[in-house]
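What follows is a single chain, given as structure tokens, in the form predicted on its own.
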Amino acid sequence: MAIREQIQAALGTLPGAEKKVAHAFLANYPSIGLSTIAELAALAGTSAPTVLRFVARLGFESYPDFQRMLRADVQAQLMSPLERARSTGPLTDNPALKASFADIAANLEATAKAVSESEFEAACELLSDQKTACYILGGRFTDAIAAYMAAHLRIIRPNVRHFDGQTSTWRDQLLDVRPGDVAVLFDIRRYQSDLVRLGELLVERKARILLITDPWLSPIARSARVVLPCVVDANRTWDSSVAILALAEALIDRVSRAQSDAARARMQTLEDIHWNNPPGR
């Protein structure tokens, strides 16, 4: 796991003083982690020994080791597909299809470990709140999954909307966002500045954000109510979106079960509409 992901996973087990260090790090990632021990301790309101204990608890022998891993995380986060293609190396003798599926299976397993049950349930609770509207949007490659999720959720519950059109029209659609509404945003490396800005505008309108991202975490994480990190690095040119799609389907299924009676009623109504109004009539 990336350092930021490790810290998020460990939050519930940290002593009070070390938890302050973790919160300071997460709120000022990655710059504060590349500063001195004294600066991190001052920002967290703790001491240098507390920072060192925090780093040791994460499994690092020293603060420089921690910073080396952090730099590697940041570098991996910023790599372009071209750079990843150069680093993957030549094909091996292993059958390409089986090797690819094995990498995807590993991503699914790692994502299941990275997403805590409590965060998953918190996300489902947001999506199940029928008193509010639900807005969904993804990035260049993930918006197809966002649209897929929206298509399912609008059958299960009312007031589900997929942000559409060009970036310039997103702000027009913000007019209808009310305090407490839910916004599901998909954003993976290299993070989209327009999507990050939309997240900021949604927070200004007091929307609750559910972020589905990668292990390095989109900047939207700073203002998200719930963050679900998916493993996307499949040791190849392009990141894999399979774990993201699998997580979206798990959320859809969980919300369907939570809203079983209401969901069945809506689905029956939709079936009646389709059967009573066949194409061409």
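The term rigid core refers to the maximal set of C-alpha atoms that superpose within 1.5 Å between the two forms. Don't overthink the numbering: it's just position in the shown sequence, from 1. The structure displayed is predicted, hence computed values, not measured ones.
Quick note: we don't show the form predicted together with the DNA, though the next part is all about it.
- Contact with the DNA in the model of the complex, judged as any non-hydrogen atom within 4.5 angstroms, is confined among 57-65, 242-250, 22-30, 216-224 to 57-65.
- Among the residues Ile37, Val255, Met69, Leu43, the one placing a heavy atom within 4.5 Å of the DNA in the model of the complex is Ile37.
- In the model of the complex, at least one heavy atom of Leu52 sits within 4.5 Å of a heavy atom of the DNA.
- The closest non-hydrogen atom of Thr237 lies beyond 4.5 Å of the DNA in the model of the complex.
- Within 4.5 Å of some heavy atom of the DNA in the model of the complex lies at least one heavy atom of Gly16.
- Once both forms are fitted on their core, a CA shift of 2 Å or more is seen for Arg57 between the shown form and the other one.
- Annotation for Ile37: C-alpha shift of 2 angstroms or more between the shown form and the other one, rigid core superposed.
- If you fit the rigid core between the shown form and the other one, you'll see the Cα of Ser223 move by less than 2 angstroms.
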